[in-house]
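Okay, so here's just one chain, in structure tokens, the form predicted alone.
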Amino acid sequence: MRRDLSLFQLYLALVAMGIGGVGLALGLPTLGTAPAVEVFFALAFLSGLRLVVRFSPWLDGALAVFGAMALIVSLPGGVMPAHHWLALIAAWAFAWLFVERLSACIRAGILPETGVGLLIPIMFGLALLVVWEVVTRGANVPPVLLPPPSAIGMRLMAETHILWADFVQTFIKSVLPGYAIGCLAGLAVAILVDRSPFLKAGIMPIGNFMSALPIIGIAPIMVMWFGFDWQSKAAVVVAMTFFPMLVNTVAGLNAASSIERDLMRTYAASYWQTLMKLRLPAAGPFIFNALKINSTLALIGAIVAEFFGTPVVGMGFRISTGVGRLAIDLVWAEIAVAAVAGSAFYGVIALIEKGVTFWHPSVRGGRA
């Protein structure tokens, strides 16, 4: 048995090789109808040579990419043949094996984590998209139930101006102002709560109660109070982001140890000096945790709020009307834009956290 392959990696390699042999045998009667798939089966079968020859993990990645491309190019108009489903399983096995071996190389220090590590989520995401594409087209899934990624991509390119207008209305006009107001208000009230035992005893239970209120109940009330434009959506975002920031900041302000506080007292530091130089920095991971949680809550809140009244623009409005018109590819295009925007927003907050709280063990990988 190969010493550089773990038992699970060897299992994946044998599965891919076995499927390659079976698929090659099944596809011989129809040789020529899908030559790319047959070539992939042959390469998958020959990959069993890894038992005696050391193959690079990059070869597994190349086989996964080639198998995916061969499948997509060779997809028939009707129901996909059985051996093509085997090719999909083999391509997934090669992608999984590539991710496993690449992760092992990074852990062993053979490959650098910076740059190369990004290939792991990229390969995983592409593999999911390929499976989605092949299953929906190969099984003739009705587009009204689940359109393939290719149809969603074409709709993205065809409706760029509409998607951009919806993004501006929902994210720029509603999410960002509501997020900033809610987070800053939560931070300010948390400092006041920390100063007053009365407020801590009174506001914190109310905060826990308000955070449990369903957004579907808050949104129509905010629309009635602030109108149908972006102001009501921003108000919903404020209500959703205020209490996570409040609760996390109050917990973070108590993170500094008593020894550290005693040290500040020996320096004759005032409350505000202790707050700015010790307690707020110690609460930094808690505050950024709330900021990251709120980055996704804010987008969800704004989109749901648009279901209850909005101008004829916005992600929530487009999703609602798209479902009514059975334009499911447009709905998925809006979902893709929202997912990318939310992920990018979360990533920006995480990068800022890494720069601000670089000293914290959670950022330094747990090293003291």
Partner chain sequence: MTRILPVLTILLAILVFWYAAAVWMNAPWQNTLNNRAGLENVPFTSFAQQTWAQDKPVLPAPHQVVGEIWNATMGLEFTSRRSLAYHGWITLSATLMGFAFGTALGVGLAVAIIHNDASDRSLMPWIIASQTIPILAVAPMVVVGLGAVGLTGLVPKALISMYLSFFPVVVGMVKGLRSPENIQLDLMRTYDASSWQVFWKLRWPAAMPFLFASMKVGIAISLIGAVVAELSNAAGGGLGVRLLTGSYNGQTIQIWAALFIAAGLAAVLVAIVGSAERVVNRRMGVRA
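Positions refer to the first chain, counted from 1. Computed from a predicted model, the values in this text were never measured in an experiment. Heads up, when I say rigid core I mean the largest set of C-alphas that superpose within 1.5 Å between the two forms.
The same protein also has a form predicted together with the partner chain, omitted here; what follows describes it.
- In short, of 245-253, 180-188, 161-169, 218-226 it is 218-226 that has heavy atoms within 4.5 Å of the partner chain in the model of the complex.
- Among heavy atoms of residue 69, none comes within 4.5 Å of the partner chain in the model of the complex.
- Although the partner is absent here, residue 212 sits close enough that one of its heavy atoms falls within 4.5 Å of the partner chain in the model of the complex.
- Contact between residue 308 and the partner chain in the model of the complex is found at the 4.5 Å heavy atom cutoff.
- Residue contact with the partner chain in the model of the complex: residue 56 places no heavy atom within 4.5 Å of it.
- Interface residue among 103, 150, 74, 136 relative to the partner chain in the model of the complex, by the heavy atom within 4.5 Å criterion: 103.
- The partner is absent here, but in the model of the complex a heavy atom of 323, alone among 312, 323, 46, 39, sits within 4.5 Å of the partner chain.
- Shown here without its partner, the chain carries 203, 299 and 332, all of which come within 4.5 Å of the partner chain in the model of the complex through at least one heavy atom.
- Contacts with the partner chain in the model of the complex, taken as any heavy atom within 4.5 Å, map to no residue of 154-174.
- With the core held fixed, the Cα of residue 97 is displaced between the shown form and the other one by 2 Å or more.
- In the core-superposed comparison between the shown form and the other one, residue 120 has its Cα shifted by at least 2 Å.
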